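Consider the single chain below, provided in structure tokens and representing the form predicted alone.
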Amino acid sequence: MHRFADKVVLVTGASRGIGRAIAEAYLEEGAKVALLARTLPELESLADAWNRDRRRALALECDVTSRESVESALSELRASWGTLDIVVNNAGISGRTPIDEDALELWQKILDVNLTGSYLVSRAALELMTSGGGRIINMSSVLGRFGVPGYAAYCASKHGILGFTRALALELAPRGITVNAICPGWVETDMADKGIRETAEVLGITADEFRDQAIAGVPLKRFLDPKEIASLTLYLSSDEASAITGQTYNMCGGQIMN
């Protein structure tokens, strides 16, 4: 199947993890994909693998916290393909910001990447999106649904994504552009590994012990594969989901029920 043949897609944080899985899923279904991240060599390697027959992957170095960097990347996308159909705001970072520690710099960085970055990319991307049929998918987290001690900045940013999604969905509905969000739970990514190590250290246990605790808190008793998040992303940006907007989908193995 090539549901997205000739569609132009932009994915932030595309160099690894969930973002890479999403980008590859669109490419497999015929889309042309702009790959955005700060690590250009990884993007170029991914793009080269998909550009053997024709140019369908475009590697663009971009810092989503910088308006100038975002606009530069979108300008290059415009020069290459001229239009844009789907935006996936996936770029994100995490980190501990306990309230009794001076973590203001990290607090601001997390909000800048996770929340303000989604705003900057969406705003610039809309200049290339025609009315009717456009899609914006924002990546939140189960931590956009509940809180975790010591991760106030990450939780605040991911809760903010849900509010941003709902407001933007109403604002763009007259243009026929839908906006939805996904809340992944534990996914097999480098970010998850980092979170496991951080939390294990705070609890005074091994990373493997905390991972077992994390799995025990998921009713399906497993972490998700990034490809599962990609599948939901593609559905929400497909023609079949044209009547869905302003919604948030939990994909967490039932984790939020606990």
Ligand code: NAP
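This one's a predicted model, so the numbers in the text were calculated from it and none came from an experiment. Residues carry their position along the shown sequence, with the first being 1.
Below: the form predicted in complex with the named molecule, not depicted.
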Distance check, T199 to the named molecule in the model of the complex, heavy atom within 4.5 Å: no
Verify the contact flag for G246: yes if a non-hydrogen atom of it lies within 4.5 Å of a non-hydrogen atom of the named molecule in the model of the complex, no if not. no
Using the partner position in the model of the complex, report whether L58 sits within 4.5 Å of the named molecule, counting heavy atoms only. no
Taking the shortest heavy atom distance, is I18 within 4.5 Å of the named molecule in the model of the complex? yes
Of the options V64, L46, A230, V33, which one has a non-hydrogen atom that comes within 4.5 Å of the named molecule in the model of the complex? V64
Under a 4.5 angstroms heavy atom criterion, identify the one residue in L172, L126, A156, I93 near the named molecule in the model of the complex. I93
Assert contact_stretch over 72-80, 173-181, 126-134, 140-148 against the named molecule in the model of the complex, heavy atom within 4.5 Å, equals 140-148
Need the contact residues for 173-208: heavy atom within 4.5 Å of the named molecule in the model of the complex, sequence order, or none if there are none. P184, G185, W186, V187, T189, D190, M191, A192
